[in-house]
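In the form predicted alone, a lone chain appears below as structure tokens.
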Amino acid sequence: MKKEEALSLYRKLVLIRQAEEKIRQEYLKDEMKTPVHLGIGAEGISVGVCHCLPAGSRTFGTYRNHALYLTVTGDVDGFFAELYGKLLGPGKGKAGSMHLSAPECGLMATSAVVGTTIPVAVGAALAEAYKGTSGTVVVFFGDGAMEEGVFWESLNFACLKHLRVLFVCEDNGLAIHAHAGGRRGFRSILEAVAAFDCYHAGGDGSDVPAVIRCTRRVLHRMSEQPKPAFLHFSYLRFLEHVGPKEDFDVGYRRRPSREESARLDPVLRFEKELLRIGCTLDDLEAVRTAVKEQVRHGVEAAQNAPFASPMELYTDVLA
């Protein structure tokens, strides 16, 4: 990986991390009226996968979508405006944290309801096949979505029709507080998916270069022989399911050691990679400083932005 490419990836990782840390600072002031599902620990998955996608790709996500939105759009001002419920947000303040989208950038939809964007993504891939085009469609979801029947139906249909859709499972091993062992009737995710006619691979979602290698490999195979692919990346959810706090004191999981936290932190881990390939500490600090100012401006602009008029409740409504 060249230095310029690596620093571009690092900027995205730092932007996502600093944006979510800023949410943690501001959220308890009760000016953000939307629930927030923070993804600290998972940044490397969205950044790594999206880095490999061809131009014009369409993406779909879940409610833990901040990393995906900021990776695809880089739109800090709109991001914070939406969280503050302001008119300048991508959903005019009506979508909130869990329904961020930017179709003009290829981010078609995210949803608060588990598993709901999976069949929509398969439908988008079916449209590509119907039109005879070869656009890439990607859908991100948590491991809990794999306990929804719609996931298996969607995977089955995509395999049957050899659709170009990339399923990306962001696996933190938890469904709110429920561990995987108490929810799954199959031995492992990749074993279960391996029974289907699709490409499949996986790895550590905190290792950005590994995510990139894995994604490039399956995308290349999809381009040679069209059919779906499934990527499984594990990660540590550092914070509570919803909200700005930690929850290790609740008792359903143990606090990781300092060494474990450092190993599973995609930002810290990628900083080591940057230093290994010749970046300097000054290079990294310059990125962090620039991003900090970008985030500060985004929050200030959102706080000063106008709310939508009451009549906005009657727009963008479909019956």
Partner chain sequence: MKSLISFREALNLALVKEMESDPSVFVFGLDVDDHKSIFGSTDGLVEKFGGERCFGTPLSEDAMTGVALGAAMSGLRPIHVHIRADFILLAMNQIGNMMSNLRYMSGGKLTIPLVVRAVIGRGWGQSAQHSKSLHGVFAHFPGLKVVLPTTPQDGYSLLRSSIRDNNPVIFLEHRWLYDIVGDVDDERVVPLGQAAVLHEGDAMTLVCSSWMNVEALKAAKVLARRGLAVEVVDVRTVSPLDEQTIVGSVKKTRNCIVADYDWIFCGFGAELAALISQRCFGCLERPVERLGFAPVPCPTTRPLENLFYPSALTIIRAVERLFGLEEADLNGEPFYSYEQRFKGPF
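Since we're looking at a predicted model, the values are computed, not measured. Numbering follows the first chain given and starts at 1.
Heads up, the form predicted together with its partner chain isn't pictured, but that's what we're talking about next.
*Asks:* Counting only non-hydrogen atoms, which stretch in 205-213, 121-129, 67-75, 141-149 is within 4.5 Å of its partner chain in the predicted complex?
*Replies:* It is the stretch 141-149.
*Asks:* Spell it out for me: taking its partner chain in the predicted complex, does every residue among 111, 114 and 177 have a heavy atom no farther than 4.5 Å from it?
*Replies:* Answer is yes for this spot.
*Asks:* Would you classify residue 35 as touching its partner chain in the predicted complex, given a 4.5 Å non-hydrogen atom cut-off?
*Replies:* Contact with its partner chain, yes.
*Asks:* Heavy atoms within 4.5 Å of its partner chain in the predicted complex: does residue 242 have any?
*Replies:* Residue 242 belongs to the contact set for its partner chain.
*Asks:* Does residue 183 reach its partner chain in the predicted complex if we count a contact as any heavy atom within 4.5 Å?
*Replies:* Yes, residue 183 sits close enough to its partner chain in the predicted complex that at least one of its heavy atoms falls within 4.5 Å.
*Asks:* Although the partner isn't part of this model, could you tell me whether residue 30 comes within 4.5 Å of its partner chain in the predicted complex, counting any heavy atom of the residue?
*Replies:* Judged by the heavy-atom cut-off of 4.5 Å, residue 30 is in contact with its partner chain in the predicted complex.
*Asks:* If you check 85, 90, 135, 106 against its partner chain in the predicted complex, which one has a heavy atom within 4.5 Å?
*Replies:* None of the others qualify; the residue that does is 85.
*Asks:* Of 222, 98, 192, 198, which one comes within 4.5 Å of its partner chain in the predicted complex, counting heavy atoms only?
*Replies:* Result of the distance check: 98.
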